[in-house]
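What follows are structure tokens for two forms of the same protein chain, given separately as structure 1 and structure 2.
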Structure 1
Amino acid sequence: MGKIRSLVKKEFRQIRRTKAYFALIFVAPFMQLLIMGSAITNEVKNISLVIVDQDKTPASREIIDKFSAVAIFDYLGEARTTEEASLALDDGLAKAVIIIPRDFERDMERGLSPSLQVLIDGVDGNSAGISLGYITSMAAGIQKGWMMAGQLPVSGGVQVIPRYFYNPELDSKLNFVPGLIGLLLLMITTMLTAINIVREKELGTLEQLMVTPLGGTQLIIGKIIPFTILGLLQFTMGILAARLVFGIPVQGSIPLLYGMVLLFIMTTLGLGIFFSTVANTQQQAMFVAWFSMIFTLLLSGFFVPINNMPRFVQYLTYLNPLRYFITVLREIYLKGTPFRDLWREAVILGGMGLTLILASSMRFHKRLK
């Protein structure tokens, strides 16, 4: 028993001397619980909504007032035409559009069944279905209010006619497969870079490289290029599998897609180099990379739409490169979005990639010295 007690004391002393353990055991899990507990939710909130009022009557105004007053919808305002509202869907500004047709109020007064046309961004099939449920429920509530108040002789009932854009069948594969391709690219390139560099430190070959005429910048570039090529090959396998196995073709420009992939790989390689500077062994590098990827994955919008998260968590997602890359993948894959609508994501990914690589390289050289 005394020997076991001594061994336990020795383990606790070892843990106390390793400061990184305290961060991994106490700080990181607490932060994960705090952020993830707020971010992960099945609720659909902040549905960005645009309304096209072609009727311009008291009834249509009441519909607009009701929808704009409910917190679950983020009412963006009225669009003058259906084309303008559809453009808001294309640009990703709106997730749903309600079109109140001409003669809506007159048809109700005649006891007919007027219809509300609802256009919904169907990329995220689950959110699209729930959004339609909210809209249908709201429309039924408004109609019931009219009937109880005796304002309008509604007999046929208001019909809600949905139309899903980009994913008419609400097939979840169309939403998840492009996101998975981005996630796998992040995991492989980041982990391979971190583990490879740490492995060379363990074997001592990195020090041997540093005493050669090879400059520090050349060493970093030489490390980055192979993993960039491997990342491109892995991505190519991913889009081939998506096409051949799941039947999901790329709707947009292939050169634009690969250009965005290169920008994203810059960020993942930068992260890999950074992780290699904080880890002394391959196991530590893998653990740190895995730990950070939980944050990266859950704050990317892959599982939970970012609009559903609390405001402070939404601000944190702006620091996550995977958030922008998944948006790019879904936009190019499902909508065929051109560069003029994705230049902001390109600038952000490029800026993040350059910053991460430069900062991580400087830290890498400092650690070697």
Structure 2
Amino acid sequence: MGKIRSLVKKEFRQIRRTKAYFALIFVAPFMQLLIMGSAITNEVKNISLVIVDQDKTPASREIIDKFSAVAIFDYLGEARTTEEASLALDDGLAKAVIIIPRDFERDMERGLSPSLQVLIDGVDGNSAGISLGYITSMAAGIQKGWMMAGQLPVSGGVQVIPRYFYNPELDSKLNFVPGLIGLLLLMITTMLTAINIVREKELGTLEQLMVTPLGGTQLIIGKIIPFTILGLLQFTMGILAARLVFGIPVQGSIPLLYGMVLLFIMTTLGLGIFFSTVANTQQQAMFVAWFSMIFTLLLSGFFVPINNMPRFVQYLTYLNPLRYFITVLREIYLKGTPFRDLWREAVILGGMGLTLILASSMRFHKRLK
């Protein structure tokens, strides 16, 4: 016990001496959350819109007024011809064009049901779908208004009344910020552990430690304890940053959250130790860590719901610890989900963590001998 304590003390002394760690743990979470939390949004706003009015009647002017008054659209103005409007699409100036055809009002009065043409830049398919949804519901609203004003029979029809749980404003920050905290935790703890061990290898101090009466297990534990504490500190800073910068509170139980974090840190440290056994230089360690991180990130459900992925990729994500941790974070953070509904994730994370730490420690031993 005493040996481990002195090892931990030594690690902390080294950490205290490295000023970069302080920046990483105390400043980086705030900065990264601030920047990424604001920049990362898949909401669709400010859709640049051009309208071609070939009709020039009160009805067409009302359509223009309605669309230009809504903040979701960034109304650029009228184009004289369809060609001019589609050129705006080509140049990337406009993302959507509405064309009101000649005789639009007259055809409506005659009951011919004319159609408004909507041209949409589909390059970003997701945004295009959402933009079309907005335009459709605006048009339906205008239509309904006219039918009621004209004493026309507004036949029943079904109206869907949505009720949004947990995030009534549909603010994408609420979805991304808890995920980001998990991501930062993974990045920092894995990289720091890997680089710390490889550095000792590079400097030759690892051999020096080996000839001391310390056992290999004690050596590993002496590395794990300080980095777990750093990880917990960093996570706490992340929670504080989410609260202070974005005003996102934790809905669920905080002890449960920390319990889960401990399970997750086991996996990240295990990964870090594993990377340190693969790499011989700090550069290689960073490379390996960085590239595996990209895949961990993309296959975690952070950006893209796992349901969207093809079946075999979905199976791959079952191996990804971040997948479970991001689920856990979002559930506890936004929905206040109790342990009763999260025990599966806890069991898997714990199992993965133990396996990773044990396996990579064994590999570490072998490497040293």
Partner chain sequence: MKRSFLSIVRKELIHIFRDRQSLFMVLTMPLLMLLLYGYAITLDMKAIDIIVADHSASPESRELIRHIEATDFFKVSVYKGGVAHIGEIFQNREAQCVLEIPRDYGETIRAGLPVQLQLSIDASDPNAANFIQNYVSRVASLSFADQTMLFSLEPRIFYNPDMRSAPFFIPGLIALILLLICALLTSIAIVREKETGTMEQLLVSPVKPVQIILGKVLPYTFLGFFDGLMILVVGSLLFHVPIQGSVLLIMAMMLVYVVTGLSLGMLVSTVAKTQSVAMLAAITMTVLPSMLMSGFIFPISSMPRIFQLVSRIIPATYFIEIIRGIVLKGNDLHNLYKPASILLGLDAVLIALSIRAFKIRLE
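Only the largest set of C-alpha atoms that superpose within 1.5 Å between the two forms is called the rigid core. Numbers follow structure 1, counted from its first residue as 1. Bear in mind that the values here come from a model prediction, so they are computed numbers and not experimental data.
Engineer: Looking at both, which one would you say is the form predicted together with its partner chain?
Structural biologist: Structure 2.
Engineer: Could you check, with the core superposed, whether the Cα atom of Met31 shifts 2 Å or more between structures 1 and 2?
Structural biologist: Yes, shifts by 2 Å or more.
Engineer: So with the core overlaid, does the Cα of Ala140 end up 2 Å or more away between structures 1 and 2?
Structural biologist: Yes; that C-alpha moves by at least 2 Å between structures 1 and 2.
Engineer: So, superposing on the core, is the move of Lys335 at the CA at least 2 angstroms between structures 1 and 2?
Structural biologist: Comparing the forms between structures 1 and 2, which are aligned on their rigid core, Lys335 does not shift its C-alpha by 2 Å or more.
Engineer: Quick one: how many Å does the C-alpha of Lys66 shift between structures 1 and 2 once the rigid core is superposed?
Structural biologist: Looking at the C-alpha of Lys66 between structures 1 and 2, the offset is 33.5 Å.
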